[in-house]
Ligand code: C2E
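Okay, here we've got a single chain as structure tokens, the form predicted on its own, with questions on binding and movement later.
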Amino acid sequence: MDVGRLRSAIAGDRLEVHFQPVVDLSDGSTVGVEALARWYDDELGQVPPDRFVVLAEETGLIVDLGRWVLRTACAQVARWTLGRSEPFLLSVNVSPVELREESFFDDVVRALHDTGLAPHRLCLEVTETAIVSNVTEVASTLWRLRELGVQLALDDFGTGHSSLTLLRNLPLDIVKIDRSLIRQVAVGAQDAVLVQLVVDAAHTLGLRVCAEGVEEETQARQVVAMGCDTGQGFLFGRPSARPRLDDSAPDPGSGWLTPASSGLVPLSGNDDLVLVADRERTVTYASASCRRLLGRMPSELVGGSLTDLLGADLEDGPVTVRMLHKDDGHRWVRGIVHPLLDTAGQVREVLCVLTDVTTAVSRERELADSEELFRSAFTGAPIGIALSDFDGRLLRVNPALAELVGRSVSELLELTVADITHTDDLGPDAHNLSEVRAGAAEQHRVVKRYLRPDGTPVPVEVHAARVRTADGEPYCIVAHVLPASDRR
């Protein structure tokens, strides 16, 4: 390939910048683009990037090429984002050669100033190779860029040394997992494990994670289940000079986008939400399960207040709290808040392990409401009501029945039905009870006599029926009691 033709193309502004969408994996919206250089030569035709970019790096033209891409992309995205308040990020690749140039920082400042692009909308992507070749000098440049407000991403993570030390010691905002790991993430356990390790490590350090090279819905489902924050690849949109930023994401009805979406390679059956906060209770880590539970990505929780998430009156130890879902609904969680102490006995971190108990709490509340309604109806009923077991022991009686037989409710609960029944009526009662116990009869209607404490008989009409549980199992006998003179 002719170096002169490439130099002439760069100098003559005869290349193009194409933009590939980056989508938020929580809702499928486009939250940024990556700028990619493209070259069409009248004689050579469409020249693949892996050919002309390599040539540019070998010949030093990469500095001029990078400077041109940065300025052109910044100008375009500045126009797209004019008057736009929501987050939108332009990502531009930076080669190791560019990073070693003394003028690189000034080039970035000049591009932002001349195009009007806000620094927080620019993300510079650097590779592990670019960093490890000269860690001290590169780190200094990256810190200066961070102070400027520019965001920084570690690109192609997983193809080189993949040192977690880089993630911890450099001023990074985003980790981009290389497409070589994403390719098999939905079918290969080893790749899935590696990707999950990267996601967890990045989130622990407060970094966002972008999955590169997502081409299939199964891959998208897998990285969503793992907690990746953003995705990039042909599934979401191919590089284009004029990307359709409003509709480049797939249909929100796509299977990978649903909150219940689960990975095809299950790495754990644990759905607990794990949160870690520092001593000021600022969240430093959130497990991937927060998307399923709260509809939020881990990066949306990291940096927030644990107190705001779980409640101002939160205490250490066992908790049951209500958390806000992204859909403005709520989810109940139950678990433990456990402070971790340092050697001096001071709180170093706070660990929370929480389980979704929304269904259980809803049922508990429904039962409590049902119990309250039952208690109100039972206690205030004008006729006598009693619950007894299949041996005749009184389990519950209402005031109307207590008044009818001249005893207190507490007295009756220490007796059996036989204890308050006239001796002449015990035989029929025993027979009826044995039929109900054996399942030969579901209910009885009898006229009998109860006894007051002084032995005075009280003629009554009793409607007794067997009560079953929701599973159809015999539970108790309920009796409605009327004075015999009140029969209708």
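These numbers were taken from a predicted model, which means no experiment stands behind them. For every residue, the number given is its place in the sequence shown, counted from 1.
The form predicted together with the named molecule is left out here; the points below concern that form.
The shortest heavy atom separation between V214 and the named molecule in the model of the complex is within 4.5 Å. Within this chain, D50 lines the site of the named molecule in the model of the complex, having a heavy atom no more than 4.5 Å away. Contact annotation for V460: none of its heavy atoms lies within 4.5 Å of the named molecule in the model of the complex. In the model of the complex, none of the heavy atoms of V33 sits within 4.5 Å of a heavy atom of the named molecule. Proximity of Q20, E125 and D155 to the named molecule in the model of the complex is complete: all three residues have a non-hydrogen atom within 4.5 angstroms.
Only one of 369-377, 402-410, 233-241, 186-194 lies within 4.5 Å of the named molecule in the model of the complex by heavy atoms, and it is 233-241. Proximity to the named molecule in the model of the complex, taken as a non-hydrogen atom within 4.5 angstroms, holds for one residue of L55, V63, V436, V69, which is V69.
The partner is absent here, but in the model of the complex a heavy atom of N93, alone among S289, Q151, T284, N93, sits within 4.5 Å of the named molecule.
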